[in-house]
Structure formats: structure tokens, C-alpha cells
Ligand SMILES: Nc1ncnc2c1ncn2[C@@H]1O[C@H](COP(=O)(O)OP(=O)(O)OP(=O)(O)O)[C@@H](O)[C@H]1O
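Next comes just one chain, in C-alpha cells: the form predicted on its own.
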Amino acid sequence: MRKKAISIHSSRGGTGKTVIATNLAAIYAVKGVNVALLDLDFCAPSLVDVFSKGISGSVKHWLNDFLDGRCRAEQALIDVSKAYGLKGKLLLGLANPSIEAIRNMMEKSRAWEVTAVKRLFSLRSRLFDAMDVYCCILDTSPGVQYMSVNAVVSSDIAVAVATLDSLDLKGLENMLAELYDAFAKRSVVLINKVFPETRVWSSDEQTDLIGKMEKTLKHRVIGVIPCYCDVLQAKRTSLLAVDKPYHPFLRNLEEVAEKLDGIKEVDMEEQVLAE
């Protein structure tokens, strides 16, 4: 497996982006791959709650602190692999959920933004070169806020998560053209919450849907995941990849992980050189 950073992004909230990011990270770690999962949604942080069972004690340093230059990369990361019985390391970089921290991040200057993206690149390099991490997953804020743009720019592969909602697809279409294509970013689309799980639909229907989406969005669709009611109703602290490893949602996501691994190395090499 080639070392890579994957941003999980969406044009709007409610697509299931964070559920996909957390379980994708866990899927890799279950297989023995060392993973870093970074919460770059500073306006609505959630990973500190998702992984509350695996975090012992209070968080001493947040990703906010690292981007502000108040701590080293290692200090802003928490290893939760033992807490979840994972073969590989799972390092978390958490965004501070306090109202004060959220307000502070929203008031940052353009000069700070430039420094922050440089620090994000340095964190990526530190993870890959010194901390034996093979996959860094960036859970971004939806839309085109500065930190979500920074996450997309600093990733090797951008995964844009969408539902079939018409407003969602229109927003995604605009975002792909105005952000991803503008940065010549290697990107794919993942369609989530497609039809209820109870609907039986043929492989031909799925292939037809993918073809239509690719024609409309002009980007590769890497997967189509049904809407599973129990996933929507599950506690946010539940990691399906650990608690329910045979759930069909996980099988869908494992196929996505395999396709992400299969994206040509030369494409990523060219992207890193361009950056």
C-alpha cells in the first residue's frame, strides 16, 4: 500500500461523510495499516465524541493548538488502537469542540490560513516520514470553507460524498468544477444513502446509476452505498468496523477502500510533485 492522504468532503452536511471517514480509517487499522484520522471540521467537531470510549482522560492538545503553533505534531495526536483492539495504529487528531474554540477558528485571518495549510502539509510529512503512518484520512467541513479547501489541497485523493438529493448533487457539481478541477485534484465521488436497504435493485440498475452520475458530474463514481436504517440510528460512539464487522455497510466501504488503493500510483506521484 502506497502512503497517501485521503480527504473526505461534501458540498453539504448530512451526507454521512463522518461515518464514512471514521469507518474507512477503522477498516484500514483492522487490517493492520497504520492510520491517522484528522478532524478538520472546526465549525462542527465530532470525532472527540465518536471516539469518546477510546480516549482516556482529558485531551491535552487539539489540532487547533498545532495549527496555532502551540504544540508539536505528536502532542496533537492520540493513539486509540489498543482501546479498540486494532492491529494497526489509529492516531486521532481532534478539533476542539468548545464554543470559544469554534468562534476563534471562524475569526482567523487570511495570513493565518496560509500558515495553517503549511502546517497541515508539515503534519502530513511528519506522519508519513517519522510516525510510520500509511494512510491519513482528513474529515473535512462541508462546503468550501478555508479549512476544507486546505484539506482537499493537501490530500492525494479527494473523496466527495453525496446523496441523490437534487440540491446536494447540484452543490457537488459546482464544487467539483470550481474547487477540485481548479486545483487539478485527483478526486472521486461516493454516492451514499441510495435507496432504502430493503429495496432490491439489480447490478444493471446500479451500473446505470453510476453511468448517469459520472456523465453529469464528470468525475469517477467509486461506489454506491444503500441507506441502512440501523446505521442512521446507531450511536455516534459505535464503530461499525469494530462492533459489527460483517455489516453490509462495511462490505460496501471495504470495496471503496480497495478501489482507493487501486488508484494508480503515478497519479499520486504527479500530484505530490505538483504541490
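Not measured: the values here are computed from a predicted model. We number the residues from 1 along the sequence you see.
FYI, the form predicted together with the ligand isn't displayed, but the following is about it.
- Shown without its partner, this chain lists Lys31, Arg220, Lys53, Arg236 as candidates; in the model of the complex, only Arg236 has a non-hydrogen atom within 4.5 angstroms of the ligand.
- Looking at Asn192, you'd find a heavy atom of it within 4.5 angstroms of the ligand in the model of the complex.
- Contact annotation: Phe249 falls within 4.5 Å of the ligand in the model of the complex, judged by heavy atom distances.
- In the model of the complex, the ligand lies within 4.5 Å of some heavy atom of Pro142.
- Among residues of the shown chain, Leu24 is not one whose heavy atoms approach the ligand to within 4.5 Å in the model of the complex.
- Residues Lys17, Thr18, Val19, Asp41 are the members of 17-41 with a non-hydrogen atom no more than 4.5 angstroms from the ligand in the model of the complex.
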